[in-house]
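First, one chain by itself in structure tokens, the form predicted on its own.
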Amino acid sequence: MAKYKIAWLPGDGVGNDVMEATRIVLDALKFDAEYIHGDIGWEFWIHEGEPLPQRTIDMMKTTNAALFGAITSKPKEEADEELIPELKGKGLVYFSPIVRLRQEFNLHTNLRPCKAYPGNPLNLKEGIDLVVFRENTEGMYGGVEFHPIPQEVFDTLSKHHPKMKKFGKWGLENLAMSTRIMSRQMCRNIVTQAFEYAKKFNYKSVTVVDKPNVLRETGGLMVRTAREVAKNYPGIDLWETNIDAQTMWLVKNPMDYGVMVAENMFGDIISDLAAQLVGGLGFASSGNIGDNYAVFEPTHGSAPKYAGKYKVNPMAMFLTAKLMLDWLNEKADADRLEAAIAKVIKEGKARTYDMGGSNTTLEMAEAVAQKL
């Protein structure tokens, strides 16, 4: 019997390509695991009206962790249009599978390391080593949205907030609303994890990124909570920045930052920017981590035009597997895998198109496997 059961979720498009490549690497590592396939993605939305079938969730509950490739998501109208005829008009609503997984398994922490490996021609600057902690279950991606806004919702909000009334002149059928709901508890949780990481790996500062000068209540809650948490970590500075200014400063002075923490949407924005500093989304890994379970995914999309062509850079997926090994406390294997990835990047003999080379996704896997 294998030591671990890993839910294997290729998803859509190039998710299948990079997952196939990752299996080559994990097998070369001799990682002792049974991989259990799970149905997830656009195909299941089209034919079943559910991109994340319940059978997949049930299967995942029998596993130790999950590796996830990529997902296709489209706007509401396009999603409705692509349903098979038998499912149209039944009131089905597309909801992002990865967001649902985060909420279903309470994967409250999104960890996104961005490291400039020597030899990568796409690095903005050698030595960049950033980690973004993104709250994963609340904020702008919490999923509480309305279009049109129901009359009772509009009336209740208007009663408690006079500014709401001015929007009524357009007609409720013409209004859409997305909420940004944040709790003190989850703000505290994500900031605490950021400080704990900084303490463990000797970072000198934690930067909280929000927009409290405009988003006074939610942004204010995040910043005030961060100040409270910071009192428990003498010797680690708390820096407070606005999301718009932070994007500029991060490009200008990337070496000034180590650990950053933000709510859901701002964390998404700042981590993609950080990824570009170290080569782009082809090097951007992430972990969705809860108290008892975790789902690991690269942060790139499904890139349908490249699906099945084995063209895309799989390094993000390899680094994602490294995060999974770390979380499973297989530290030796995690270190071996990262060392092999770093050697391949430094040598520069195997490079995908984004790095100026012509190697395929699977050839990159073989290059890393040889180092192992």
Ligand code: IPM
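Everything quoted here is computed from the prediction, not taken from an experiment. In this text, residue numbers run from 1 along the sequence as written.
What comes next is about the form predicted in complex with this ligand, which does not appear here.
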| property | result |
| --- | --- |
| Listed residue (187, 98, 206, 116) with a non-hydrogen atom within 4.5 angstroms of this ligand in the predicted bound form | 98 |
| Contact flag, residue 297 vs this ligand in the predicted bound form, heavy atom cut 4.5 Å | yes |
| Partner contact for residue 197 in the predicted bound form: this ligand, 4.5 angstroms, heavy atom | no |
| 4.5 Å heavy atom contact, residue 268 to this ligand in the predicted bound form | yes |
| is_contact(residue 141, this ligand) in the predicted bound form, heavy atom dist at most 4.5 Å | yes |
| Which of 210-218, 119-127, 85-93, 133-141 lines the interface with this ligand in the predicted bound form (heavy atom within 4.5 Å) | 133-141 |
| Residues in 99-116 close to this ligand in the predicted bound form, defined by a heavy atom within 4.5 Å, in order | 99, 102, 112 |
